[in-house]
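Presented below, as structure tokens, is a lone chain in the form predicted alone.
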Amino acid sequence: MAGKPKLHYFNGRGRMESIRWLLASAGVEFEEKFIDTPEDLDKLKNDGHLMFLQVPMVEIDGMKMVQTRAILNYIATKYNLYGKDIKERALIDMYTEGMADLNDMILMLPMCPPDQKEAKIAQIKEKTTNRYLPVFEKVLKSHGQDYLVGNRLSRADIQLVELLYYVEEVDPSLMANFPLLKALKTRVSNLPTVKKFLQPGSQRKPPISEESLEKAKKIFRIQ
């Protein structure tokens, strides 16, 4: 029997959090090996475990996988969260790539210089309400089904709900005009595996603190 997937990353959201969400939603227990120092990261690099000298890295099924999208694709395929055919997978890919654009904007917000932060938040709010959320509200309205693709749970729903939690952290009012998205968030959040992941004490990570951000910058040698 294969062991639990092992996630190598620092103790924060970053680019690993979507992987945590997807594994947890699939009901898969996983271990985390936190990178706490620059030397920890150097060791992974020097041991040849990081193909492109970057994390996230996930040990799963005898592989040491890197590149976030590749890892997400593998997990989604393995646990039947990637549609029933090539057309459904194409839709899921389109939707999740769009989500990634907004997710990246929110993810990088803590790195924004203080004098630019207000403008960056305004940009995120504008794109959230005018570009991204209307797309997914329209998809749900167009077919009247519970989930984005094929009327069953997929990685697209899980990644969208993860993103909606981040949107609410930026400004809860951004969700006000999207009733179908609010319903999707409630629906997915109430699935037993997701509900467990949302409980205090789970492996879900909180918004990054100033202290954690400084630690991450040291680990990754970001000036």
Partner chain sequence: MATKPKLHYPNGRGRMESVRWVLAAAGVEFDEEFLETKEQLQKLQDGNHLLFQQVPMVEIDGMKLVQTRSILHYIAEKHHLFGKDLKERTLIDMYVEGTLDLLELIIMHPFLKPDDQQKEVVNMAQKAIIRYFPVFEKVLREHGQRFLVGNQLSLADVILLQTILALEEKIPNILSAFPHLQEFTVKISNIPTIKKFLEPGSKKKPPPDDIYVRTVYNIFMP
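Please read these numbers as outputs of a predicted model, since none were measured by experiment. Numbering follows the first chain given and starts at 1.
Not pictured, yet referred to below: the form predicted together with its partner chain.
In short, of 156 to 164, 54 to 62, 32 to 40, 169 to 177 it is 54 to 62 that has heavy atoms within 4.5 Å of its partner chain in the model of the complex. Mapping the unseen interface onto this chain, G98 counts among the residues with a heavy atom inside 4.5 Å of its partner chain in the model of the complex. Its partner chain is not drawn, but in the model of the complex it has no heavy atom within 4.5 Å of A183.
Within 4.5 Å of any heavy atom of its partner chain in the model of the complex lies no heavy atom of N46. Contact check for T77: a non-hydrogen atom falls within 4.5 Å of its partner chain in the model of the complex.
Using a 4.5 angstroms heavy atom cutoff to its partner chain in the model of the complex, none of M108, C112 and K205 count as contacting. For the stretch 119 to 140, the set of residues having any non-hydrogen atom within 4.5 angstroms of its partner chain in the model of the complex comprises R131, Y132, V135, F136, K138, in sequence order.
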